[in-house]
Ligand SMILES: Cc1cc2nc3c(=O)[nH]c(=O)nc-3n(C[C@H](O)[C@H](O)[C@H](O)COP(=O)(O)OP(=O)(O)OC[C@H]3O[C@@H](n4cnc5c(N)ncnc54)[C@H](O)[C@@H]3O)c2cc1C
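In the block that follows, a single chain appears as structure tokens, in the form predicted on its own.
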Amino acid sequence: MTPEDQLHCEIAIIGGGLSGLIACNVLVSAGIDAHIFEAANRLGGRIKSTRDQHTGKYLADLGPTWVWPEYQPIAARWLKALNIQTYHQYDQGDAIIDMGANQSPMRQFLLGQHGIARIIGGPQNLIDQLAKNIGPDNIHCDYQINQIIRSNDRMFLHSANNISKPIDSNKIIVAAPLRIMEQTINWNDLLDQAATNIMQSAPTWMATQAKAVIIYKTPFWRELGLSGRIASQFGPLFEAHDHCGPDGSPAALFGFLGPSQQANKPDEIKSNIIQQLVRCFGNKAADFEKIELMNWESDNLICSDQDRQTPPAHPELLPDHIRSDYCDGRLLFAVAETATQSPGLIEGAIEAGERMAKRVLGA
């Protein structure tokens, strides 16, 4: 294979989620030729939004939603640097305790989490701003890596798509879910058994969650003195929240689907959701504009076979070994689960990507 048949870069970053974009942003800003290789046809990873089909305007989050700027200084610093504003999660008024289809719901005040906030434009705004800073020439979607080979002082990445050129790089930052990376890439003995064990045992945060977003013309629940919050043991939404924009528009609710609902057909799930919302909020809940479901368990680039087979768990702080340098410093991991604080969360993704990019620069 001739050099013309390869794509050359100094740093190859596997994964175009938040951690990969942060790492690439730091490196490109420092003048390093860093490129992102994302297996999906979009950037964002677990950050995904629903948009207005006519205008393309952001409407709601299908992935993570919240940040806690008072308690997450790294996230707060990056939001400020990118000139992205936040606003408090709406929690004024009573919540609804859903007692099931055969019982009347109860109104009850529930304390919200102190410092919980939403991002104007959603976490998608982070993705869009970072991608803009990096530039399109350094971002490659539909580029799924299935093999990594070291040859002397170079790292070669091969794609599952024979149309995509192999990548010749000096170093690699892996910024995609650990279990997916262990499951789908042939590492050719570049990793030791301890690293492989950590990758296999690290749960992918939110990988088996299913989320529903319901768009309305107005936030009618607020007029009823309700916060939009639902707590239920019966579902289909076992937890729901107000998901409106900072001025109440677009008006929306979002909720998490219980595991018993995820196997149902989408139309059946949507019908059950509206029945629950009518039960909790009254007949106005039936006058919705749009419902969108996102079952992350069905995304094979996020949810691994092992995630599907084991109970969901919030990732704990992983052993330091996964934050080591491999292949004489030519291979590093920087996905959210490898973070030293807030692993799995937005803050964790930022911390992991920034830390490994700075390590590369320091080297």
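Remember, predicted model here, so these are calculated numbers, not experimental data. Sequential numbering from 1, following the sequence displayed.
One more form of this protein exists, namely the form predicted in complex with this ligand; it is left out here, but the text below deals with it.
This chain is drawn without this ligand; in the model of the complex, the residue among Ile134, Met206, Ala240, Ile172 with a heavy atom within 4.5 Å of it is Met206. Contact annotation: Trp68 falls within 4.5 Å of this ligand in the model of the complex, judged by heavy atom distances.
Contact between Phe256 and this ligand in the model of the complex is found at the 4.5 Å heavy atom cutoff. In the model of the complex, this ligand sits within 4.5 Å of a heavy atom belonging to Ile145. In the model of the complex, no heavy atom of Gly228 sits within 4.5 Å of this ligand. Comment: 328-336 is the region of 50-58, 328-336, 305-313, 27-35 lying near this ligand in the model of the complex, near meaning a non-hydrogen atom within 4.5 Å. If you take 36-51 and check each residue for a heavy atom within 4.5 Å of this ligand in the model of the complex, you get Phe37, Glu38, Ala39, Ala40, Gly44, Gly45, Arg46, Ile47, in sequence order.
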